[in-house]
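Shown next as C-alpha cells: one chain only, the form predicted on its own.
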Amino acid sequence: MPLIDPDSLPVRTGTIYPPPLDREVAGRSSIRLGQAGGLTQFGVNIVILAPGAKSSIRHWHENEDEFVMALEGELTLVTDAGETPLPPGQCAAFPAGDPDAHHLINRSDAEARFLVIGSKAAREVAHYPDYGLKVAIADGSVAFTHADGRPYDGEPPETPRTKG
C-alpha cells in the first residue's frame, strides 16, 4: 500500500505568476501529495496560508475542475457572489468552464490549511477577471496575456476590481 506521509514531504513555495503578480500570493506554500504518490491525471495538494495570505489571484478555469476542503484555521472563500467563511470540514467545488472566479484568503492571525484537488488538463486557460488577464498553459509553457490577447510583459496590471 503506497502510503504518503505529508509530514515527510517538502513544503514548496513559488508561483507561476510573474512580477508584480507574484506578490499576490506571498505567504502561500503547498505540500504536493498527488505528485509524491505518482499521480498524473489530477493534482492533490495541501495549501498552507500564513496570516493574511491568499491562495491565488481570483480565477476560473476553462478546462480543469477544482475542489477545495478546509482543513485547519479560518478561511474566507471569495467568489463572484461575495465572501463566505469556509470553516474546517467545509468544501467548495468549481467545475471547469464555470466563470465564477474564486480564491481563499486567511484573514486570521494563525496559519490556515486546505486540501485542493484539481484535474490536470493537457491544455488549460485560466482567467483573472479582477486584473483583466488570463494564462494559457500547454506543453510545459506558461503564457500570460491581457484578456484581449495582448501579451503581458510585466507592466502593472489594472487595479483589482473586487474586494477580495
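In this text the structure is predicted, and so the values were computed from the model without any measurement. The numbering used is simple: start at 1 and walk along the sequence shown.
Unshown form predicted in complex with a further copy of the same chain; subsequent notes refer to it.
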Using 4.5 Å between non-hydrogen atoms, is P95 touching a further copy of the same chain in the model of the complex?
yes
Might L39 be said to contact a further copy of the same chain in the model of the complex, defining contact as any heavy atom within 4.5 Å?
yes
So, E74 and a further copy of the same chain: in the model of the complex, are they within 4.5 Å at any heavy atom pair?
no
D109 versus a further copy of the same chain, in the model of the complex: is there a non-hydrogen atom within 4.5 Å?
no
Counting only heavy atoms and a 4.5 Å cut-off, does a further copy of the same chain in the model of the complex sit next to every one of I48, S56 and A138?
no
Since the chain is shown here on its own, which stretch among 115 to 123, 128 to 136, 48 to 56, 22 to 30 would lie within 4.5 Å of a further copy of the same chain in the model of the complex, judged by heavy atoms?
115 to 123
Can you name the residues of 82 to 107 that have a non-hydrogen atom within 4.5 angstroms of a further copy of the same chain in the model of the complex?
G82, E83, T84, L86, G89, Q90, C91, A92, A93, F94, P95, A96, D100
